[in-house]
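Heads up, the chain shows up twice below as structure tokens, two forms, tagged structure 1 and structure 2.
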Structure 1
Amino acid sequence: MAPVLHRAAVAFLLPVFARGRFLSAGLALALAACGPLPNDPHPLDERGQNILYSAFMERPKHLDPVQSFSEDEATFLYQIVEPPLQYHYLKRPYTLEPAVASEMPRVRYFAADGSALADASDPAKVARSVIEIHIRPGVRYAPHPAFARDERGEPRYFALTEADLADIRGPGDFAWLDSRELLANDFVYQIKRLAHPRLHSPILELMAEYLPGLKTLHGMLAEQAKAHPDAWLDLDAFPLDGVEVIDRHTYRITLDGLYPQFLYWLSMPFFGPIPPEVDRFFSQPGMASRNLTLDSWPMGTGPYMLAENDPNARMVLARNPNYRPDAYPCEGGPDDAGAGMLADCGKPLPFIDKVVFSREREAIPYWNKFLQGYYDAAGISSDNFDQAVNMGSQGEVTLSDDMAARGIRLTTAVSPSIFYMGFNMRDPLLGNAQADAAERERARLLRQAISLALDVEEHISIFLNGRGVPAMQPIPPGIFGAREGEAGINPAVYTWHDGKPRRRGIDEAKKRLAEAGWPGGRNARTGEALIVNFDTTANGMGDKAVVDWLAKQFRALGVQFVVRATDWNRFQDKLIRGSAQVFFMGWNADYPDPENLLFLLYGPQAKAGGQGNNAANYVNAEYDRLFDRMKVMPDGPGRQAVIDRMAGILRHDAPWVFWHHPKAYSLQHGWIKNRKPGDIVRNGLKYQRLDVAAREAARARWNQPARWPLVVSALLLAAFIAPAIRFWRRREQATAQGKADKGEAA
């Protein structure tokens, strides 16, 4: 018996099937996915455009160059704000070169009596260092409403009302945008902002050591802000001793004493330009409540400008139409020419029109979209490591066959960073800094015992997939002061065996523990158990798997391990109060000089009480004297000898468990050109280039919709419907024949 269909169903299917169009309808259904890729997360109107796609997992907190000091913020800020200097993109070791400066600044030295000193003079004789910076003429800012003026030449947007701001979400929403030339005073204005009492710059204390005028200015501005809490502080009205404008394109900075590392600071946004007009524009009532601030909308003369800022979803950098003439470098490292890194020599920058950053809260979606070609580059998480690379028997790393077949490339580099487990030297158990010599020695032996017991190599293998180099001192490989081979090992923890460092092991750790007065993890006098408290946040080293591993390591030593987890803000409060006991921290070098790493253990930088970066609150008079000497020395054998002695002191005192220097593993699709790893070079987006056609072709190959389910469904539907159609046609034919017979009878 033929299946019986509801009359309405038959009526619905008639337009498709009654005219013999079933097959063509099924074919149309099967081919419907041949248009836009069905899984493309990007807007359709961006297809085929010169846009680089990336992702971020943590929203940037500060984009104001006076406050920003983290890596996730640098990703955006260094493309927008141009300081006087930058690092050569390709050369290693890292080399400073002019950015918006017309030439490298010359530093002159003067004695206390004002007489000029030669460059190689005794640092102790240098009373003042004078740095003169000349800015390139004709450099212009990206378009901004702060520069817009009316027909009378008056600023258009310096008296905005609530109504004026009703539909404004970003600077680009204003009807009028304009620009002006970069001036020397803009750099001086930004230096003054370091002392602004409402901004809390993280480098104020450090810079005030060499620019005492900053503290004086801070006091003046604080009084003014207190007297006029709602008023804009026009910093041009306040002098800053040690910093002056010479002419339209020249300014001068006079430092107390000698500070060779200051030129590195001139490559950071802290010392980039901020026009007074922009500061005034963003200070108007109603701006901050709408996130219309420099902290959300940085501006500058760089190759890109921030076009969209939704830190919960998407951030977009667009090409700055006013960017100065700039060209791709024509020289680099010894391997760069062979790697094709010099093929774009002399071509104008930037190559890419737009950079889109999408918020990805989980690593798996990020990874999957990279494999589909929707992100142009990606890191490698532990979950994806085995899928991405192969580890050889000798630790060599190669790209997996699947990745290589897709044209993906792997780059690796040891990052200029240090991760460490710190001991609070003010803690009565582990630091005991105020106790007598015997008690301090017992605390030192206890720290060394823990350093020996914690198998850093195992941690790197299990949790980092081998992506790290065990640290022997604070200075990572590639920065002056680091030692290779046997000369570079930490002899308190390692021996040198068969050409490699070998960890001394748990037996040596237990021996040190007993010497410290805690045999078997018990107090030799009272019998009480040894308890160590680990202060951490809920993620990172506070992750359960890592904590369980740490607890196992401490149990092997006979020590009870207690985790005190908290959020980031409370963790920071503990460090500032000096109430943490053991904690895990890291530091990315701001510039390639040992001073920027060894200062993490410099006594005057103690975090407790002073809020410096010495989180361990370590104080050693000899180390501090050597640091003061080392930081003003030029690189050479003499400086290396001082650093070696400082490293020896740290290895003996063990204020840290030296953990690891991370290895950065990065994957990139073959259509990205000129991408060279180097964490110190943070303005690298302008050098990168895309082969958009190759990307479009790869996306189309990798993301073809599966059409067979549609075809199978169509065939099943045809098998189900065909008998009903035949039944319907026979009935129609019978009805027509019946009517014809009646007509003939009539």
Structure 2
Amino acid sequence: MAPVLHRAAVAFLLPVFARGRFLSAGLALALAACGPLPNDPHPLDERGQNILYSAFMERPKHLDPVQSFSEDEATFLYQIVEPPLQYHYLKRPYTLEPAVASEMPRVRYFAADGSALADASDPAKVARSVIEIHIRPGVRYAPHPAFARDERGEPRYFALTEADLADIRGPGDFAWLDSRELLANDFVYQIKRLAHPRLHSPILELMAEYLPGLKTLHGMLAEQAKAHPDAWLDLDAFPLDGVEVIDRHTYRITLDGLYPQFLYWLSMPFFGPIPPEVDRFFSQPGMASRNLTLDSWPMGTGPYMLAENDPNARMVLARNPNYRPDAYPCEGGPDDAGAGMLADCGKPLPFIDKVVFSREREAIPYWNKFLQGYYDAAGISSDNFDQAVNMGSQGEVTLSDDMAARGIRLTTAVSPSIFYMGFNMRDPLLGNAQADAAERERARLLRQAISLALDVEEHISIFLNGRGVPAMQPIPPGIFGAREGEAGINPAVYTWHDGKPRRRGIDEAKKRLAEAGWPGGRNARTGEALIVNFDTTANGMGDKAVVDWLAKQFRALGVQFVVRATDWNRFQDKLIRGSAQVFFMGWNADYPDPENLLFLLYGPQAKAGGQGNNAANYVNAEYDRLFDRMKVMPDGPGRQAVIDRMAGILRHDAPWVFWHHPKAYSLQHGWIKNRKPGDIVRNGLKYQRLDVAAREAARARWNQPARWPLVVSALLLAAFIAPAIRFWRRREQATAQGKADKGEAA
């Protein structure tokens, strides 16, 4: 029989697992003696504990690993659910490494006749890719009531009634919690959940391209769900073609064709483990109406477990007492050793006992609490930018003196994202895809003229406080395929001058405009004015400045700029119908592979008609051919050459004005260690460490209460009340003539 752990035992064991427990207890006692700080927003009994305080602005919508796909949710989910793979915390470019997998999966390739291929050097021959994943034995789940069994070995909580659930707010409220070993079947079960008809996984269609069995399974499950609307669907009873359990710790995935990027997906919670018992536990009647679902209470084998879920106020992650042996990395990037990022090499993870995320809706209180030391790290909003950061004349960024004096550190990193201004290639003016070659060329020159005229650097400087890197192509720096230096510039828009890129300028833009048949912004044949329509959702007060700036840029080119502001839904409709003309759009890469960015201009991904992600509806046969090739190539000079050619095509055709790659600025107090920026590494909490004593000392120093305002307020009040009372007395004692003289009254 599996060992059973009582909740009380878990409560006792949790702090035992927490390193530094006795130190924390001593510190807490010392702090209690100092007295509480009256402006401390956190519960007073948490003082001196090894707790990281952070904030979240948007409530997580989905925490079920089969549904969750937003950055807000990843902050929580990636700490709870451990997929087979993860990214190395320190290495850049991002490198995959095993998480709960015992080794990096080996991919084998097979031809259509079933014969094994030595490698995938000829993608056309690959009919199937087989990935075998071995997971570490002995990994155990965080304590959960679904695993609890009674004395006879029967599940304790699989026949719950309304009465049993009356006082239950979360899985931690059950009296008995237990765990079990992670098994290969749990991963297979979760992959089947991608096809669950009630869960609506956002990647079902995408994955079904390579795992067609998912569509078949979805059909079977949909029928079953229709026949038994409220019943639990035991996915173990349904086979999934292409996914199979080999043994307790091994499972195999067989993909149609070649899909090297699949390994990146194996680092996401979509492919994390879900035990069937937990799925069954949450499917009981009465659970969903109490928000007792996997969507609210995700669970897994990760370093943390969700201890509190109040998305309107606070989310709390507590250390998973059953977390597998895991150690801080000993290798990193070239600067990491100098920055002290390797000081904790080999130390067991996680370092922090609890992470408290508080909901902040407004930037001002969030920022002030960070300055008071009540949040350990924060981003920088535009309002606080000047207070936090000094910009040098050359664009170099340093911390302001006040921030530096507080021991605050600034980290910056270019996000794996691209923002662009798209031209609808189906538009008769700017795309003209159906017209003859001469007309298409005129449209191309017009797009290039606009690309030349729009001063992206100025936009970044004025509206983003310099927090962006001008884009030269879709791939952001740090992802394979991006090039630095002169080789990386967009020669259609920039020249290389004094070791840096320089815009060709408005004169060249005007020249290009004239070549396009619009000299001075007028049709060379008819004299008709050139009008460009900008479709946007930016209709708030803060957006007006940006729109005005854009209008000014177009005016400088001699082009009339018309703003067609609309709401998000209508904007999406326009894109889907292909009726937008010029628009802003962005993409945040799911994984650090050029395929996930260059596909944004892949013909079959056209938005109009197909609802893909190619919002510009750009089609270029050579580009598409190269994309198909590049997609399945391993990183190396060959792939780089293909990417360079693709970038060249895009720069020539200019379906986008390559705008910028955002640069994330983050501030952190000196007491938080090992925090390395990198948007792709989403499970970074386990590596971070706190110097709790330093934090407490700083908080005490920065938050000494001023008592004098209370005294002054009391005195001021008295100064008003005293004459008022005197006046009242005089008035009460006054005679009809208005005199309060005692003698006269008598």
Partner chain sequence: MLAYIVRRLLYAVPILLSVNLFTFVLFFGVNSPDDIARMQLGAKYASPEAIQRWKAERGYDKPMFYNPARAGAAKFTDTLFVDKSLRMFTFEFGSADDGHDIAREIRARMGPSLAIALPTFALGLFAAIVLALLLVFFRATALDFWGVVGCVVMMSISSMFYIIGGQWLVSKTWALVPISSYAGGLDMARFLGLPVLIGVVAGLGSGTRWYRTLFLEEISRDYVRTARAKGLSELAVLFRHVLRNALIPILTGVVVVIPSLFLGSLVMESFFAIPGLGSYTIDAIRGQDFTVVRSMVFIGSALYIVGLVLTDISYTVADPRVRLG
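This one's a predicted model, so the numbers in the text were calculated from it and none came from an experiment. Counting starts at 1 and follows the sequence of structure 1. Superpose the two forms; the largest set of C-alphas matching within 1.5 Å is the rigid core.
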Index of the chain form predicted alone, chosen from the pair: 1
Cα displacement of residue 578 between the two structures reaching 2 Å, rigid core superposed: yes
Core-aligned C-alpha movement of residue 422 between the two structures reaching 2 Å: yes
Residue 718 C-alpha shift between the two structures of 2 Å or more, rigid core reference: yes
Angstrom shift of the Cα atom of residue 566 between the two structures (superposition on rigid core): 7.2
